[in-house]
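Here we start with a single chain on its own, the form predicted on its own, put down as C-alpha cells.
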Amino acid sequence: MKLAIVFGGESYEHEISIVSAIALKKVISCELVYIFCDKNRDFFLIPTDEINSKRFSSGEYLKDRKLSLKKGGFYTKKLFGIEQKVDFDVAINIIHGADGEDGKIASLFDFFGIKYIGPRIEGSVISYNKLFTKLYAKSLDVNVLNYEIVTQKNRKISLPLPVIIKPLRLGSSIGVGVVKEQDELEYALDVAFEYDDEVLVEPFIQNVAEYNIAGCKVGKNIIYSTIEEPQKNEFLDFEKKYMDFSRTQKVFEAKINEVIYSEIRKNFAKLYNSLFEGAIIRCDFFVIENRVFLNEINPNPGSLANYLFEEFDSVIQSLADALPKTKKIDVDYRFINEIQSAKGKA
C-alpha cells in the first residue's frame, strides 16, 4: 500500500502540520508520498527522502514538482505538457486547523473521488467550531463545561473568574489565555480576537484531571488507543502541544479506576458515532468529581496521535482498507425525458 501524506494549508497551524507530517515517516512502514499545500494553496510533490522543516521555511520546496488536483487524484506535468498521475492508494489528511479540519480538503477529496483517511465534511465542521462541538456533545448526553460565546461587539462575560478564553475556530492552544483577575480580561480577549472574531469562554479549573484517548472505526468495531494523562502546567499550552505534534514515543496508560476508564471509552464511542468514520480522532476529557466532561474533539490530532497506539502502523493500514464508501448516484435524466415524452417531444 502507498499512502500520500497531504499537509500544510493556509492556516495558523501550517507549521505544526509540517512537523506532524515529518513525524509520520517514523511510524508508518509502507511507502509514503508527500504532498505539500503551501500558504497560497498550491500543491507540490516533496521528495520523501529529502523532507525536512527547513525545506519549507527556506522556500526550497518551490523547486519541487507542482501538482494539480483533479478527478481521481493529483497530477504533475511532464515534458510537452503531458500529465502524469501521482501514484498512491489512499491520502492522509494531516492539515491542521483551517483547510484541513474545517472541511475544505475533505470537500475536495470527496468531489474529485480521492480515497482518504481523515474527517469527512460534517465531522470537520462540527469539530472545528467549539460551539458546534458543545452542541453535538450535549445532543449525545456527553457532559461539557458551562460556556458562553463572546464577540468583538459584545465583550461582556457573565461567567465568574477564573475563566479560560479560546478562539472559537482554532486549535493547538493558539490564542488561548487564562484570566484570574479582572484587569487581565481585556488583554486576553484582544489576543484571542487576533485569531477569530468569536471566542469561547469556560470556567478555568486549576489542576483539573485531563485524559486523552484516540481511536478509529474499522468495520463495526472501534479500535481504542491507550488513555493518556498528559503532563501540563496550568493548561496544555502551545509549546507543549507543538512538541506533541512530533511525538513518536509510546505513552504509558493513565492510572484511573475501571469506572472512569469505561466512561471515557463509552463517551468516545458516542462522539465517534458514524460522524467520524474514516478518521483517527482524539478526544480530550476532563474528570471532575468523578464525572467525565468533553474538552475537545481533535479530528486531525498531531501526528495522528500515533504515540497513543501500541501498533499504530497496523491501525493505519487497517483503516485504509476499511474507509467508508461514497454512494454512486446514477444520473439518467429519466425525469426530464418523462416530461419531454409527456409533451410529445423526443
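Not measured: the values here are computed from a predicted model. For every residue, the number given is its place in the sequence shown, counted from 1.
Just so you know, the form predicted in complex with a further copy of the same chain exists too; it's not on screen, but the next bit is about it.
Stretch 267 to 275 is the answer when you ask which of 267 to 275, 252 to 260, 177 to 185, 206 to 214 has residues with heavy atoms within 4.5 Å of a further copy of the same chain in the predicted bound form.
Exactly one listed residue, out of 75, 88, 195, 224, brings a non-hydrogen atom to within 4.5 Å of a further copy of the same chain in the predicted bound form: 195. Residue contact with a further copy of the same chain in the predicted bound form: residue 108 places a heavy atom within 4.5 Å of it. With a 4.5 Å cutoff on heavy atoms, residue 43 counts as touching a further copy of the same chain in the predicted bound form.
Among residues of the shown chain, residue 145 is not one whose heavy atoms approach a further copy of the same chain to within 4.5 Å in the predicted bound form. Although the partner is absent here, residue 339 sits close enough that one of its heavy atoms falls within 4.5 Å of a further copy of the same chain in the predicted bound form. Shown without its partner, the chain has 36, 37 in segment 21 to 38 as residues with a non-hydrogen atom within 4.5 angstroms of a further copy of the same chain in the predicted bound form.
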